[in-house]
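Single chain ahead, by itself, as structure tokens, in the form predicted alone.
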Amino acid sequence: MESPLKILKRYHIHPVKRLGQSFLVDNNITSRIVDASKIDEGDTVVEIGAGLGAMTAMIAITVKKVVALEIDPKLVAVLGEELKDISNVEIIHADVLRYDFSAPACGGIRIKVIGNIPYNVSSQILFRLIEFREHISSATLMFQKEVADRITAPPGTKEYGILSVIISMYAAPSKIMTVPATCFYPRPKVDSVVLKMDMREGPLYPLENHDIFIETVKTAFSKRRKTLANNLKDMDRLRSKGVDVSALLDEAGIDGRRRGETLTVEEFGRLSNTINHSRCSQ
């Protein structure tokens, strides 16, 4: 397969900083990512940030269909030329944060997602995938190492936070490999990590309300140095209805003197369900 650097040179492509473009130029690493995704011949794959098409072509060899998403119109044109002879690739000029991931999930069969995603919107992309979790079976994605550490962090660590809790509630993340900065053009300042996230059939804890769960987690981490009780007192949903936060935490079986980073994913689930009951009883 042709070197991505040669493709860049041939089409006079220059990375666009505002789009967070950093091209993976090591095809061996690209091949390892595709292998780690565990795709097979019956799969439909959505690739986020198809770029120059190197990964797209590798995926297409194995699967039923590849939906290649790309936001940069210049790269969409490159993809059209480079992949014109591959019949099972659909190229879509789209912003991933607005893409409907349920569209390619036909007949109730869930899709797989793969990509070297823009680091400047990686969290937003993750939340977008969580929104469409019922239509996605797995996501194999490249992250800045710091973000990957936050996703996989256990409770009680400084990295543990909003991403750790929300992703773990709906997916089982695992580290595939570390990718050195030297494998990219332009070269980023930090190394990257590939994670594979297998979507759960249902949440880790039986949640009653997804939106309240998200709000609870974000509130608990809104001021990390404050106790859980103090943060919850600032939660609009509770304050506007005059809910007694101490009594609510007692009902959930959680010590309000703890901080958000000490709670397990299951405890966050139990707390959000208690808040849901509190709302309904007001």
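Quick note: we count residues from 1 along the sequence shown, nothing fancier. The structure presented is a predicted model; accordingly, all values stated were derived computationally and were not measured.
There is also a form predicted in complex with S-adenosylmethionine (SAM); it is not shown, and the following applies to it.
Mapping the unseen interface onto this chain, L204 falls outside it, with no heavy atom inside 4.5 Å of S-adenosylmethionine (SAM) in the model of the complex. Interface membership of D72, defined by any non-hydrogen atom within 4.5 Å of S-adenosylmethionine (SAM) in the model of the complex, is confirmed. Using a 4.5 angstroms limit between non-hydrogen atoms, P188 is distant from S-adenosylmethionine (SAM) in the model of the complex. When contacts are judged by a 4.5 Å heavy atom cut-off, I117 counts as touching S-adenosylmethionine (SAM) in the model of the complex. Residues of just one listed stretch (236-244, 219-227, 250-258, 48-56) have heavy atoms within 4.5 Å of S-adenosylmethionine (SAM) in the model of the complex: 48-56. Put simply, of A153, M199, I176, A94 only one has a heavy atom within 4.5 Å of S-adenosylmethionine (SAM) in the model of the complex, and it is A94. Residues of 21-49 that come within 4.5 Å of S-adenosylmethionine (SAM) in the model of the complex, judged by any heavy atom, are Q21, S22, F23, L24, E47, G49 in sequence order.
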